[in-house]
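First, one chain by itself: the form predicted alone, in C-alpha coordinates.
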(Lines give C-alpha, C1' and ligand atoms only; values in the text may rest on other atoms or scores of the structure.)
Protein backbone atom coordinates (compact mmCIF):
# COMPACT_ATOMS: atom_id res chain seq x y z
CA UNK A 1 0.00 0.00 0.00
CA UNK A 2 2.88 2.33 0.78
CA UNK A 3 4.51 1.58 -2.57
CA UNK A 4 1.21 2.17 -4.39
CA UNK A 5 0.88 5.54 -2.67
CA UNK A 6 4.42 6.45 -3.74
CA UNK A 7 3.77 5.37 -7.32
CA UNK A 8 0.68 7.59 -7.40
CA UNK A 9 2.64 10.64 -6.30
CA UNK A 10 2.72 10.58 -2.50
CA UNK A 11 5.85 12.00 -0.85
CA UNK A 12 6.97 9.34 1.64
CA UNK A 13 8.86 10.39 4.76
CA UNK A 14 10.51 7.82 7.03
CA UNK A 15 9.99 9.60 10.33
CA UNK A 16 8.66 9.52 13.86
CA UNK A 17 6.04 12.10 14.80
CA UNK A 18 6.64 13.68 18.20
CA UNK A 19 4.16 16.54 18.34
CA UNK A 20 1.23 18.04 16.45
CA UNK A 21 0.57 21.76 16.88
CA UNK A 22 -3.11 22.70 16.50
CA UNK A 23 -3.93 26.07 14.84
CA UNK A 24 -6.38 28.44 16.49
CA UNK A 25 -8.49 28.95 13.36
CA UNK A 26 -9.76 27.16 10.24
CA UNK A 27 -7.12 28.55 7.86
CA UNK A 28 -3.69 28.30 9.48
CA UNK A 29 -1.56 25.19 8.98
CA UNK A 30 -1.11 22.28 11.34
CA UNK A 31 2.55 21.92 12.35
CA UNK A 32 4.01 18.43 12.62
CA UNK A 33 7.25 18.04 14.57
CA UNK A 34 9.01 14.82 13.64
CA UNK A 35 12.37 13.06 13.45
CA UNK A 36 13.45 12.31 9.87
CA UNK A 37 15.09 8.86 9.69
CA UNK A 38 16.04 8.97 6.03
CA UNK A 39 19.64 9.77 6.94
CA UNK A 40 22.11 8.13 9.30
CA UNK A 41 21.60 7.81 13.04
CA UNK A 42 18.89 6.25 15.17
CA UNK A 43 17.64 9.54 16.62
CA UNK A 44 16.86 11.08 13.25
CA UNK A 45 17.01 14.72 12.21
CA UNK A 46 14.45 17.04 13.85
CA UNK A 47 12.20 18.58 11.20
CA UNK A 48 8.92 20.47 10.88
CA UNK A 49 6.14 20.00 8.33
CA UNK A 50 3.20 22.36 7.77
CA UNK A 51 0.01 20.80 6.41
CA UNK A 52 -3.62 21.74 5.74
CA UNK A 53 -5.12 18.44 6.92
CA UNK A 54 -4.11 15.45 9.05
CA UNK A 55 -5.33 11.86 8.94
CA UNK A 56 -4.39 10.05 12.14
CA UNK A 57 -3.64 6.45 11.17
CA UNK A 58 -1.08 5.91 13.92
CA UNK A 59 -2.61 3.03 15.87
CA UNK A 60 -4.25 2.50 19.23
CA UNK A 61 -1.71 4.71 21.03
CA UNK A 62 -2.28 7.50 18.51
CA UNK A 63 -0.39 10.72 19.21
CA UNK A 64 -2.66 12.48 16.75
CA UNK A 65 -5.71 11.42 18.81
CA UNK A 66 -4.09 12.76 21.97
CA UNK A 67 -3.26 16.05 20.25
CA UNK A 68 -6.90 16.67 19.29
CA UNK A 69 -8.24 15.36 22.62
CA UNK A 70 -10.22 12.64 20.87
CA UNK A 71 -11.06 10.91 24.15
CA UNK A 72 -10.15 7.47 25.46
CA UNK A 73 -11.68 4.05 25.02
CA UNK A 74 -11.60 0.80 26.94
CA UNK A 75 -9.20 -1.68 25.44
CA UNK A 76 -8.21 -5.31 25.59
CA UNK A 77 -4.66 -6.62 25.45
CA UNK A 78 -3.63 -9.02 22.71
CA UNK A 79 -0.55 -10.98 23.75
CA UNK A 80 1.04 -13.55 21.48
CA UNK A 81 4.19 -15.53 20.91
CA UNK A 82 5.33 -16.25 17.37
CA UNK A 83 6.56 -19.83 17.41
CA UNK A 84 8.40 -21.69 14.65
CA UNK A 85 7.25 -25.30 14.85
CA UNK A 86 8.51 -28.43 13.03
CA UNK A 87 7.43 -28.76 9.40
CA UNK A 88 5.18 -31.76 10.02
CA UNK A 89 3.26 -29.81 12.66
CA UNK A 90 3.19 -26.69 10.48
CA UNK A 91 1.48 -28.77 7.80
CA UNK A 92 -1.52 -29.14 10.15
CA UNK A 93 -1.98 -25.34 10.09
CA UNK A 94 -1.56 -24.99 6.34
CA UNK A 95 -5.27 -24.32 5.87
CA UNK A 96 -6.44 -24.09 9.46
CA UNK A 97 -6.66 -21.54 12.27
CA UNK A 98 -7.72 -22.40 15.82
CA UNK A 99 -9.69 -20.43 18.40
CA UNK A 100 -9.96 -21.50 22.04
CA UNK A 101 -12.44 -20.35 24.69
CA UNK A 102 -12.52 -20.89 28.44
CA UNK A 103 -11.48 -19.15 31.64
CA UNK A 104 -8.11 -20.91 31.50
CA UNK A 105 -7.16 -19.13 28.26
CA UNK A 106 -9.23 -15.92 28.43
CA UNK A 107 -11.82 -14.74 30.92
CA UNK A 108 -13.48 -12.27 28.53
CA UNK A 109 -12.24 -12.92 24.99
CA UNK A 110 -10.62 -15.90 23.26
CA UNK A 111 -7.21 -17.41 22.57
CA UNK A 112 -5.78 -18.55 19.26
CA UNK A 113 -3.24 -20.39 17.18
CA UNK A 114 -3.02 -18.67 13.80
CA UNK A 115 -0.66 -19.67 10.95
CA UNK A 116 1.79 -16.97 9.83
CA UNK A 117 3.49 -18.20 6.66
CA UNK A 118 6.33 -20.30 8.15
CA UNK A 119 5.36 -20.17 11.85
CA UNK A 120 2.32 -19.81 14.11
CA UNK A 121 1.10 -17.07 16.40
CA UNK A 122 -0.06 -18.42 19.76
CA UNK A 123 -1.81 -15.87 21.92
CA UNK A 124 -4.65 -14.65 24.07
CA UNK A 125 -6.83 -11.56 24.37
CA UNK A 126 -8.07 -10.16 27.67
CA UNK A 127 -9.43 -6.98 29.22
CA UNK A 128 -6.98 -7.43 32.09
CA UNK A 129 -3.84 -5.31 31.94
CA UNK A 130 -2.22 -7.22 34.81
CA UNK A 131 0.95 -8.90 33.55
CA UNK A 132 0.51 -11.82 35.95
CA UNK A 133 -2.99 -12.51 34.58
CA UNK A 134 -1.78 -12.30 30.98
CA UNK A 135 1.10 -14.71 31.65
CA UNK A 136 -1.30 -17.14 33.32
CA UNK A 137 -3.69 -17.06 30.36
CA UNK A 138 -0.82 -17.43 27.89
CA UNK A 139 0.36 -20.48 29.81
CA UNK A 140 -3.20 -21.79 29.46
CA UNK A 141 -3.27 -21.58 25.66
CA UNK A 142 0.20 -23.06 25.39
CA UNK A 143 -0.97 -25.98 27.52
CA UNK A 144 -4.12 -26.48 25.43
CA UNK A 145 -2.18 -26.42 22.16
CA UNK A 146 0.89 -28.21 23.54
CA UNK A 147 0.59 -31.32 21.36
CA UNK A 148 0.38 -29.20 18.20
CA UNK A 149 3.28 -26.82 18.93
CA UNK A 150 5.62 -29.27 20.66
CA UNK A 151 9.24 -28.71 19.66
CA UNK A 152 8.57 -25.11 18.63
CA UNK A 153 10.93 -22.17 19.14
CA UNK A 154 9.71 -18.72 20.19
CA UNK A 155 11.02 -16.20 17.65
CA UNK A 156 9.08 -13.12 18.75
CA UNK A 157 6.85 -11.91 21.59
CA UNK A 158 4.24 -9.20 20.96
CA UNK A 159 1.60 -7.29 22.90
CA UNK A 160 -0.86 -4.77 21.49
CA UNK A 161 -3.87 -2.83 22.80
CA UNK A 162 -7.17 -3.62 21.04
CA UNK A 163 -9.76 -0.80 21.15
CA UNK A 164 -13.13 -1.89 22.50
CA UNK A 165 -15.21 0.88 20.89
CA UNK A 166 -14.73 3.98 18.70
CA UNK A 167 -13.31 7.12 20.29
CA UNK A 168 -15.83 9.80 21.34
CA UNK A 169 -14.37 12.29 18.83
CA UNK A 170 -12.97 11.06 15.52
CA UNK A 171 -13.05 14.32 13.53
CA UNK A 172 -11.83 17.53 15.15
CA UNK A 173 -11.09 20.59 13.04
CA UNK A 174 -9.26 19.39 9.94
CA UNK A 175 -7.99 16.25 11.64
CA UNK A 176 -9.65 12.86 11.06
CA UNK A 177 -8.90 9.51 12.70
CA UNK A 178 -9.03 6.13 11.00
CA UNK A 179 -8.30 2.51 11.93
CA UNK A 180 -7.14 1.69 15.45
CA UNK A 181 -6.55 5.39 16.09
CA UNK A 182 -10.31 5.89 15.73
CA UNK A 183 -11.11 2.71 17.67
CA UNK A 184 -12.41 0.72 14.70
CA UNK A 185 -12.00 -2.81 16.06
CA UNK A 186 -15.00 -5.10 16.40
CA UNK A 187 -16.00 -6.71 19.66
CA UNK A 188 -16.32 -10.49 19.87
CA UNK A 189 -13.90 -11.14 16.97
CA UNK A 190 -11.29 -8.44 17.56
CA UNK A 191 -10.99 -7.79 13.82
CA UNK A 192 -9.46 -4.48 12.83
CA UNK A 193 -7.45 -4.84 9.60
CA UNK A 194 -10.42 -4.61 7.22
CA UNK A 195 -11.94 -1.68 9.11
CA UNK A 196 -8.60 0.14 9.19
CA UNK A 197 -8.24 -0.10 5.41
CA UNK A 198 -11.91 0.69 4.78
CA UNK A 199 -12.00 3.74 7.06
CA UNK A 200 -8.81 5.06 5.45
CA UNK A 201 -10.42 4.77 2.02
CA UNK A 202 -13.72 6.34 3.12
CA UNK A 203 -11.92 9.23 4.82
CA UNK A 204 -9.73 9.86 1.76
CA UNK A 205 -12.71 9.69 -0.60
CA UNK A 206 -14.55 12.26 1.52
CA UNK A 207 -11.56 14.62 1.37
CA UNK A 208 -11.26 14.23 -2.41
CA UNK A 209 -14.99 14.83 -2.83
CA UNK A 210 -15.02 17.97 -0.68
CA UNK A 211 -11.69 19.55 -1.57
CA UNK A 212 -12.82 20.92 -4.96
CA UNK A 213 -9.85 19.56 -6.91
CA UNK A 214 -7.49 20.17 -3.97
CA UNK A 215 -8.24 23.90 -3.84
CA UNK A 216 -9.56 23.87 -0.26
CA UNK A 217 -9.39 21.83 2.93
CA UNK A 218 -12.75 20.42 4.10
CA UNK A 219 -13.99 21.67 7.45
CA UNK A 220 -14.99 19.63 10.49
CA UNK A 221 -18.75 19.73 9.88
CA UNK A 222 -18.24 18.63 6.28
CA UNK A 223 -16.03 15.67 7.20
CA UNK A 224 -18.41 14.58 9.94
CA UNK A 225 -21.20 14.37 7.39
CA UNK A 226 -19.24 12.91 4.47
CA UNK A 227 -17.06 10.51 6.46
CA UNK A 228 -18.33 9.84 10.00
CA UNK A 229 -22.04 9.78 9.26
CA UNK A 230 -21.47 7.44 6.32
CA UNK A 231 -19.20 5.20 8.42
CA UNK A 232 -21.63 4.94 11.33
CA UNK A 233 -24.55 4.23 8.99
CA UNK A 234 -22.63 1.44 7.26
CA UNK A 235 -20.94 -0.25 10.22
CA UNK A 236 -22.60 1.03 13.39
CA UNK A 237 -24.97 -1.95 13.61
CA UNK A 238 -22.07 -4.37 13.22
CA UNK A 239 -20.33 -2.94 16.28
CA UNK A 240 -23.54 -2.95 18.31
CA UNK A 241 -24.44 -6.59 17.50
CA UNK A 242 -20.92 -7.90 18.20
CA UNK A 243 -20.80 -5.91 21.44
CA UNK A 244 -24.02 -7.62 22.56
CA UNK A 245 -22.70 -11.05 21.55
CA UNK A 246 -19.53 -10.56 23.58
CA UNK A 247 -21.46 -9.37 26.64
CA UNK A 248 -23.82 -12.37 26.44
CA UNK A 249 -21.51 -15.21 25.43
CA UNK A 250 -18.05 -14.28 26.75
CA UNK A 251 -19.05 -13.95 30.39
CA UNK A 252 -18.62 -17.54 31.63
CA UNK A 253 -17.61 -21.02 30.51
CA UNK A 254 -21.30 -22.01 30.46
CA UNK A 255 -22.13 -19.12 28.11
CA UNK A 256 -19.17 -20.00 25.88
CA UNK A 257 -20.32 -23.62 25.65
CA UNK A 258 -23.77 -22.34 24.65
CA UNK A 259 -22.10 -20.20 21.98
CA UNK A 260 -20.18 -23.18 20.60
CA UNK A 261 -23.40 -25.26 20.50
CA UNK A 262 -25.27 -22.46 18.77
CA UNK A 263 -22.54 -22.11 16.11
CA UNK A 264 -23.01 -25.76 15.14
CA UNK A 265 -26.31 -24.79 13.49
CA UNK A 266 -26.15 -24.40 9.70
CA UNK A 267 -28.39 -21.30 9.71
CA UNK A 268 -26.14 -19.59 12.24
CA UNK A 269 -23.10 -20.54 10.18
CA UNK A 270 -24.60 -19.07 6.99
CA UNK A 271 -25.66 -15.86 8.72
CA UNK A 272 -22.24 -15.54 10.34
CA UNK A 273 -20.38 -16.23 7.09
CA UNK A 274 -22.45 -13.70 5.12
CA UNK A 275 -22.03 -11.04 7.82
CA UNK A 276 -18.28 -11.68 8.00
CA UNK A 277 -17.95 -11.66 4.21
CA UNK A 278 -19.74 -8.34 3.78
CA UNK A 279 -18.50 -6.87 7.11
CA UNK A 280 -21.97 -5.78 8.10
CA UNK A 281 -25.07 -7.28 9.70
CA UNK A 282 -26.83 -9.25 6.96
CA UNK A 283 -30.57 -9.61 7.74
CA UNK A 284 -31.91 -13.15 7.64
CA UNK A 285 -35.31 -14.37 6.51
CA UNK A 286 -37.77 -13.58 9.36
CA UNK A 287 -38.58 -17.27 9.89
CA UNK A 288 -34.89 -18.20 9.91
CA UNK A 289 -34.16 -15.35 12.31
CA UNK A 290 -36.95 -16.56 14.62
CA UNK A 291 -35.52 -20.10 14.52
CA UNK A 292 -32.01 -18.81 15.30
CA UNK A 293 -33.35 -16.80 18.23
CA UNK A 294 -35.14 -19.86 19.61
CA UNK A 295 -32.02 -22.00 19.23
CA UNK A 296 -29.91 -19.33 20.91
CA UNK A 297 -32.21 -19.21 23.93
CA UNK A 298 -32.31 -23.00 24.01
CA UNK A 299 -28.50 -23.23 23.99
CA UNK A 300 -28.25 -20.70 26.82
CA UNK A 301 -30.82 -22.60 28.91
CA UNK A 302 -29.20 -26.02 28.32
CA UNK A 303 -25.82 -24.62 29.26
CA UNK A 304 -27.18 -22.91 32.39
CA UNK A 305 -25.71 -19.75 30.93
CA UNK A 306 -28.67 -17.68 32.11
CA UNK A 307 -28.18 -18.61 35.76
CA UNK A 308 -27.23 -15.62 38.00
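Positions refer to the first chain, counted from 1. Remember, predicted model here, so these are calculated numbers, not experimental data.
Although not depicted, the form predicted together with a small molecule is the subject of the following passage.
185 is the sole member of 149, 185, 175, 111 with a non-hydrogen atom lying within 4.5 angstroms of the small molecule in the model of the complex. Site annotation in the model of the complex: the residue of 104, 191, 164, 98 reaching within 4.5 Å of the small molecule with a heavy atom is 191. In short, of 39 to 47, 241 to 249, 56 to 64, 266 to 274 it is 56 to 64 that has heavy atoms within 4.5 Å of the small molecule in the model of the complex.
Mapping the unseen interface onto this chain, residue 80 counts among the residues with a heavy atom inside 4.5 Å of the small molecule in the model of the complex. In the model of the complex, residue 289 stays away from the small molecule, with no heavy atom inside 4.5 Å. Taking non-hydrogen atoms only, residue 17 approaches the small molecule to within 4.5 angstroms in the model of the complex.
Using a 4.5 Å cutoff between non-hydrogen atoms, residue 196 counts as a contact of the small molecule in the model of the complex.
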